[in-house]
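In the form predicted on its own, a lone chain appears below as structure tokens.
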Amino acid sequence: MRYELAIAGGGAVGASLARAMRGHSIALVSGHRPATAPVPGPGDFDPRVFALSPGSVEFLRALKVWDVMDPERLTPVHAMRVHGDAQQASIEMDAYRAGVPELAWIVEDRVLQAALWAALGTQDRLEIFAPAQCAGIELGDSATIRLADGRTLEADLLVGADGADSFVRAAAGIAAREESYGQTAVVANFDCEHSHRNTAFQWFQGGPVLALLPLPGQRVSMVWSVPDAEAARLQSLDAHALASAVCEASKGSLGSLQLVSAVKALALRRLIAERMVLPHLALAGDAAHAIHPLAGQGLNLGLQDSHVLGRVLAQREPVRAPGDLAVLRRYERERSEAILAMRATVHGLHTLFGSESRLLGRVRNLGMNLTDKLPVLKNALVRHALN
């Protein structure tokens, strides 16, 4: 079975690339096939959500995916309040003052997955292998992919979008620098006493980071990045005790809270592949780079990978095949600066706010207050985050 493009990984990054490359012959290999039926009713929200930048939303619009999602499941973020670990240290960002409609959109994982896969279900020249696992790859004049069930696929280009534990990356011999943050992200949803007013809240806590993201109605999604042992303790709490702990950590900003979802946990690590391309192979999303969720930019980076790779492949010279290394290096060069800048920013913030140094403590909190008093700088930061 021969294709122009084979994609390993059916998450949002792999599925969006398959959608971006519609019109080409594509094989999509996924370990699971997400449900494309309507999500449950308004009282049932996925505890895992994403903060999508306006740039990512525009990409999804171009794929004809965004507008088919139920608007009742999408929440615009009009403001963001970030608090340092000193009582008076804070910064507030506002979409209106920055001259933009919104800072981000909060979207549930399963809502996004369902919309992407529903779109793929109508796509010509796309063959989906799911559930299926890659068992081996060979790179030569093309990419050969052997599936665990014995089937063999051949493609001019294989894209590994199969997550931080990427089989494709390892099988291709691409090394990755990896470091555990020693933290786990605990995620859950809460009903709140007071309206969130479409505001995202974040508290730096001297290492741990708590975020409350707005959902439809008076509901928020919590992402609490804490040391692994503390994450285990939080998961062991009953619903009332966990809600009380979150209310206390958030300074009662939204009043009393009530747990309304399952509690999930995700181990956090920092990862960067030493390269993103080889002849007939490219990496995208967490297979190429994984970052701390404190800036909420992990999926945005992955969707930007899909956007850029799809555009580079579409604009290649007719004499060059999708797996041509000269074509793939254009993708790698275009993505390298943005990925490096985001990794440096996120790691720098994590290091700065995790330090116990009193001097650094004064610096980081003074820096937040100073930035909050400089509208030009603050608006520049907002606009940088919109991509």
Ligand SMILES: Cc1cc2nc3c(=O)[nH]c(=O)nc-3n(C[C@H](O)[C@H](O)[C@H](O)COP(=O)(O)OP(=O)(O)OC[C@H]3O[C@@H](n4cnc5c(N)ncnc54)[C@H](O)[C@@H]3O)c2cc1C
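A residue's number is simply how far along the shown sequence it sits, counting from 1. This one's a predicted model, so the numbers in the text were calculated from it and none came from an experiment.
The protein also exists as the form predicted together with the named molecule; that form is not presented, and the subsequent description refers to it.
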The named molecule contact at H32 in the predicted bound form, heavy atom, 4.5 Å: yes
Residue contact check: N300 to the named molecule in the predicted bound form, 4.5 Å heavy atom: yes
Any non-hydrogen atom of A51 within 4.5 angstroms of the named molecule in the predicted bound form: yes
In the predicted bound form, Q133 touching the named molecule (heavy atom, 4.5 Å): yes
Interface residue in the predicted bound form among V223, V277, M80, L157, criterion: non-hydrogen atom within 4.5 angstroms of the named molecule: V223
Listed residue (L254, L153, A200, V187) with a non-hydrogen atom within 4.5 angstroms of the named molecule in the predicted bound form: V187
Listed range touching the named molecule, judged in the predicted bound form by heavy atoms within 4.5 Å, from 255-263, 133-141, 227-235, 190-198: 133-141
All of V13, F167 and L268 with a heavy atom within 4.5 Å of the named molecule in the predicted bound form: yes
Those residues of 151-182 which, in the predicted bound form, come within 4.5 Å of the named molecule by heavy atom: A161, D162, G163, F167
